[in-house]
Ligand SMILES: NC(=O)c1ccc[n+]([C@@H]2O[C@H](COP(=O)([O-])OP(=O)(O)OC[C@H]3O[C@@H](n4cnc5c(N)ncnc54)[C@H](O)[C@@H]3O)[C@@H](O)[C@H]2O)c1
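Below, in structure tokens: the form predicted alone, a single chain.
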């Protein structure tokens, strides 16, 4: 298949590209190398992807509507996986309008370009943040999202989901919306908790903890990639799927697991950040039944793999 991966120089995109290159798909990566975190790291990702085989890279900004449409018309992909987005809850609090641009407008542009290019399958990367604080009450299923979000980032993802439904109707594309639950692993985003904690621990630094009353449904990258691949081959009527691990991990549990690898671990507990949810917990019933998705990597194994990778590759 000819597949476009937007945001393909990022964490999830890099892993996805490597898998599909090895499976002999023709991969086209679109990425603007946004400086939310360093473009140099994304260039490292591209070099790592190259080890898996050949792909085509286009550095364009999806906010450039005409350029986006012309490129999709030229490639004529069978499928588009839209991972490109401005991430981060904390940054969205101080820069909300950027999320309107990069997470909503850019999504509209790639949706319209895909429709005009007669793309058969469009997969949109959403987030567990669309559930707000519902994870405190137990597992969240796909129908529980109702716009009661608590950060501009979450609001932008929920809005972008709505536009996916619009363009499904306008162009009769197969649309799948995947709500990821706290993805971690090698090459993970440097601003996320696990990656940040491991780098600090390798440097002997104290860990800043923004309130201990947090739990996250941490999901190892290989499981997320498997879920995306299964979605590519799904042709049913359902549109929205959770991709998580199905078991929330408390901050205490995370710190205990890290302490197995870094016994000198020291923490500094700070005030809770505005916009952070207390807990995420995925109900995977629908994904298991319709996609055949079953996460395989335990949290203990995932942390061990991530620490091992970081000690070899992560910059101090």
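Note that the structure is predicted; figures quoted are calculated from it, not measured. Residue numbers count along the first chain shown, from 1.
Below, we refer to the form predicted together with this ligand, which is not included among the displayed structures.
Residues placing heavy atoms within 4.5 Å of this ligand in the predicted complex fall in a single listed stretch, namely 37-45, out of 283-291, 244-252, 37-45, 258-266.
Here is the short version: of 125, 154, 111, 160, the single residue with a heavy atom within 4.5 Å of this ligand in the predicted complex is 125. This chain is displayed alone, yet in the predicted complex one of 12, 307, 21, 297 has a heavy atom within 4.5 Å of this ligand; that residue is 12. Within 4.5 Å of some heavy atom of this ligand in the predicted complex lies at least one heavy atom of residue 62. Contact between residue 33 and this ligand in the predicted complex is found at the 4.5 Å heavy atom cutoff. Shown alone here, residue 189 lies within 4.5 Å of this ligand in the predicted complex, counting heavy atoms only. Among residues of the shown chain, residue 119 is not one whose heavy atoms approach this ligand to within 4.5 Å in the predicted complex. Looking at 167-185, the residues that come within 4.5 Å of this ligand in the predicted complex, counting any heavy atom, are 180, 182, 183.
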